[in-house]
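The chain below stands alone, shown as structure tokens; this is the form predicted on its own.
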């Protein structure tokens, strides 16, 4: 081992050298500020939410409309440049009754995340969001729901601008 130390130029340091103040060093806290670029499609989607509109993108080649919007069609790989307003209603595609929060706290009343197929989008296209104002035992696949929005003044351009979805009665 002494051979290896001798083969590298420099002075070896010990913990004792640090403790005795023989080593000059500087401690610093990094102040790294980062931002996330949403890109064209999601940026448009979030701007739409701030204005109380759910936006999708439509493929001019295969005619699919998807939400959230994308810049490239997943089926025909063509650019998707048309953004269209969709309804703020939809159909529950799947759901879960969650009696434990993300940080492992037990709940008496469950949170109900659901995938909601948004009206105006192609079949099987939608978003995941929370259901509220509903008896957990009455939630079902195929249930019709409507977005409950924050007030215009409270919206920030985030998915939480939709507070939740609630059941709607069909007439």
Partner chain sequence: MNERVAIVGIGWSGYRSKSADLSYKELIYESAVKAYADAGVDPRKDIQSFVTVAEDFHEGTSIFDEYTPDQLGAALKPVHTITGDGLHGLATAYMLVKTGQFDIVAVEGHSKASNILTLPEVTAYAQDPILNRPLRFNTHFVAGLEMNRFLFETGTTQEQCAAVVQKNRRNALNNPKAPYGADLTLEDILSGPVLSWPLGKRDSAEHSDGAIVMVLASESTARHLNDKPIWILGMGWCNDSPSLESREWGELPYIQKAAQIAYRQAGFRNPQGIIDFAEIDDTYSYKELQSLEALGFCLPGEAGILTEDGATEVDGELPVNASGGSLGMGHMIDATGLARALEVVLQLRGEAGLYQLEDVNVGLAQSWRGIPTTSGAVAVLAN
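For the two forms, the rigid core is made up of the largest set of C-alpha atoms that agree within 1.5 Å on superposition. In this text, all values refer to a predicted model and were calculated from it rather than measured experimentally. Residue numbers count along the first chain shown, from 1.
Omitted from view is the form predicted in complex with its partner chain, to which the following refers.
S.K.: Within 4.5 Å of its partner chain in the predicted complex, heavy atoms considered, which of 135, 103, 28, 109?
M.R.: In short, 28.
S.K.: Among 53, 41, 127, 139, which has at least one heavy atom within 4.5 Å of its partner chain in the predicted complex?
M.R.: Of the listed residues, the single hit is 41.
S.K.: Going by heavy atoms within 4.5 Å, which of 55 to 63, 139 to 147, 33 to 41, 112 to 120 lines up against its partner chain in the predicted complex?
M.R.: Result for this chain: 33 to 41.
S.K.: Answer yes or no: in the predicted complex, does its partner chain come within 4.5 Å of a heavy atom in every one of 71, 74 and 77?
M.R.: Each of the three qualifies.
S.K.: Determine whether the C-alpha of residue 33 shifts by 2 Å or more between the shown form and the other one once the rigid core is superposed.
M.R.: Comparing forms between the shown form and the other one, the residue 33 CA shifts at least 2 Å.
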